[in-house]
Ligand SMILES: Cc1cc2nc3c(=O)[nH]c(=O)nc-3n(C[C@H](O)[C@H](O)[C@H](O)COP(=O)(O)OP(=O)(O)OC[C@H]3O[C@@H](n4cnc5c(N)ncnc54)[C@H](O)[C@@H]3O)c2cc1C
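Heads up, the chain below is alone and in the form predicted alone; it's given as structure tokens.
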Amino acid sequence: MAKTQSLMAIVEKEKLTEDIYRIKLKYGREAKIEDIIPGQFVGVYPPQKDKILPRPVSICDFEKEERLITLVFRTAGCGTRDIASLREGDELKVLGILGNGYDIEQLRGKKTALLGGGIGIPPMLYLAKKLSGIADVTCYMGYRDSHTFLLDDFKAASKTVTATEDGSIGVKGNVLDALQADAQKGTFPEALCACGPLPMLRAVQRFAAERDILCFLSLEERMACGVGACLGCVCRTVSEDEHFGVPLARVCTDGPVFEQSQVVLEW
């Protein structure tokens, strides 16, 4: 399915917070459905024809037998607002499945902490479900305040710890504060998976590097094409790209998930 376009029907739509929506999309009968790796994403085209670029949205959940994917996104601009204005029964053009996800096999059997912040929370749900039964998973979800979303879904999927910046729910602070509080009780992870804003990812990278913990980071970058052609979403790496000969990688095709030791976030 990679880099193909599909016309998908909105079968469910829900407003989760003031600016965050969940939509469930169904593939048509003609689409070939393959497995999706947690961390992969799709490009969703706004319905208005004057907006030609797809908006990248991480996959929150995937139900293969039902031919359904779930997307959770924030209305950050006119394109996502147009998508949010659609109703159940409307159709969307979707590009993908795109990108590379988390390495499930490397996480098998490990005590694994999943850390999500802001709109980096949704892809952690599908990852938690895929790791169920094969790894000891705890999800650490970080919010600004009591306006949370997807918490019930996470609690149904795995052990879940909540952190809020204002302390209104759960641990006061961020996801690393919550993780370190558990670590002081003897619950220390063997692996980390994170998705969220850049300052959070930088902190998680330092935390993992200092303790030599296996760690995968999903980078959030502004994207245009989603297929590696425009080079608008490059990130710095420790080694040179085999095609361009520079220490850069395309987040949309080489990522968005990277092993933490391979990317340079402090620049």
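Being a predicted model, the structure only gives us computed values, none of them experimental. Numbering starts at 1 and runs along the sequence shown.
Same protein, other form: the form predicted together with the named molecule, not shown, and the subject of what follows.
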| property | result |
| --- | --- |
| Non-hydrogen atom contact D61 with the named molecule in the model of the complex at 4.5 angstroms | no |
| Partner proximity in the model of the complex: L150 to the named molecule, non-hydrogen atom cutoff 4.5 Å | no |
| G79: touches the named molecule in the model of the complex, heavy atom cutoff 4.5 angstroms | yes |
| Partner proximity in the model of the complex: F216 to the named molecule, non-hydrogen atom cutoff 4.5 Å | no |
| Contact residue in the model of the complex, from K93, R74, K155, K172 (heavy atom within 4.5 Å of the named molecule) | R74 |
| Interface residue in the model of the complex among V57, L201, I36, C235, criterion: non-hydrogen atom within 4.5 angstroms of the named molecule | V57 |
| Non-hydrogen atom within 4.5 angstroms of the named molecule in the model of the complex for each of F41, I119 and E221 | yes |
| Stretch from 61-69, 222-230, 22-30, 203-211 whose residues place a heavy atom within 4.5 Å of the named molecule in the model of the complex | 222-230 |
